[in-house]
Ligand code: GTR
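Form predicted alone, single chain, as structure tokens, below.
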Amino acid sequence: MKRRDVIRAGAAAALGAALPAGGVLAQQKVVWKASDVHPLGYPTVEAIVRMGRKLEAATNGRISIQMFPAMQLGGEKEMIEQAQVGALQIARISVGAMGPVVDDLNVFNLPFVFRDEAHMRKVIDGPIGQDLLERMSAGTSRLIALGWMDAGTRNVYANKPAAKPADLKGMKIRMMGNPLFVETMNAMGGNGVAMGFNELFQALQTGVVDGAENNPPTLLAQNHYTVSKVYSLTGHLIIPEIFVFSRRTWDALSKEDQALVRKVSREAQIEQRQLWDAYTGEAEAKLKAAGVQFVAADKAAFYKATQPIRDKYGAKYAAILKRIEDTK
């Protein structure tokens, strides 16, 4: 089936479950679909699974969540499309993938926009993060932004070090499907290649790309470490993630159910962070035990190399960039 046919078929099935006839959602049992590219046990997946248990308990089983992990419903682009038409209720999406859908989010996609992960958390937990969630929900995305999730720091992995920009010369590095990221990698010295996450493992295996960039938990969970043995700590991107709800389903909910979803979503954001910190430590230990070489990188050189990207893309976000910089 073509992707659009899969989405339409899923929409018909999901709407039958999530939007009962007669507007009696408050009385009938509903099962919401949730999806993630990562496997069961991964912090973003586990946080939504726990959120589902809370919803089920709070509604005496009237609302529950069925999780479809590990790209069962496609990559992030497909998940966005399915949530927009109501075939999927909850999707955990990287802000990198959401940037083309909601332009304001691209401010978080700029290289080295955050000083470190602690700085990023201050920003998303504060008024800047709340403003962006509200803008996204009020816009034309057909999605309700429920909350943020941590995704750590992204570094380059391949089979040779990328300690400085010159090391990346001639290397094809997979980037998320956003022109900003491709240009960032080009500025860093490599050749950025836009590619769906669901295509990446095979591309690494076959040499279609020489490497990619992501956080340690993803390197481990997706088994990319089996074909990419050098992890260079470039630290070029610290991108939060977002979990969204289908507006088509949301608009049919009672005010009470909407408030309940928002409550458990706030809790999920905090729980995911705790899960993330523990999981990251375990992932780094397992990667090193598996023979992955962690290599220090010249972050100052990569920062300087990517200044043209911040100049080009950051101009229209000047006000919010100043707010981010001023966040302590």
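These numbers were taken from a predicted model, which means no experiment stands behind them. Residues carry their position along the shown sequence, with the first being 1.
Below, we refer to the form predicted together with beta-D-galactopyranuronic acid, which is not included among the displayed structures.
S.K.: Tell me which stretch of 119 to 127, 106 to 114, 227 to 235, 172 to 180 has a heavy atom within 4.5 angstroms of beta-D-galactopyranuronic acid in the predicted bound form.
M.R.: Correct option: 172 to 180.
S.K.: Would His38 count as touching beta-D-galactopyranuronic acid in the predicted bound form under a 4.5 Å heavy atom rule?
M.R.: It does: once beta-D-galactopyranuronic acid is placed as it appears in the predicted bound form, His38 has a heavy atom within 4.5 Å of it.
S.K.: Look up in the predicted bound form whether Ser94 has a non-hydrogen atom within 4.5 angstroms of beta-D-galactopyranuronic acid, and give yes or no.
M.R.: Within the cut-off, so yes.
S.K.: Heavy atoms within 4.5 Å of beta-D-galactopyranuronic acid in the predicted bound form: does Trp250 have any?
M.R.: Trp250: no contact with beta-D-galactopyranuronic acid in the predicted bound form.
S.K.: Using the partner position in the predicted bound form, report whether Ser141 sits within 4.5 Å of beta-D-galactopyranuronic acid, counting heavy atoms only.
M.R.: So Ser141 does not count as contacting beta-D-galactopyranuronic acid.
S.K.: Any residue of 191 to 219 with a heavy atom within 4.5 Å of beta-D-galactopyranuronic acid in the predicted bound form counts; write them all down in order.
M.R.: Read in sequence order, the residues that approach beta-D-galactopyranuronic acid (within 4.5 Å, in the predicted bound form) are Phe197, Asn214, Asn215, Thr218.
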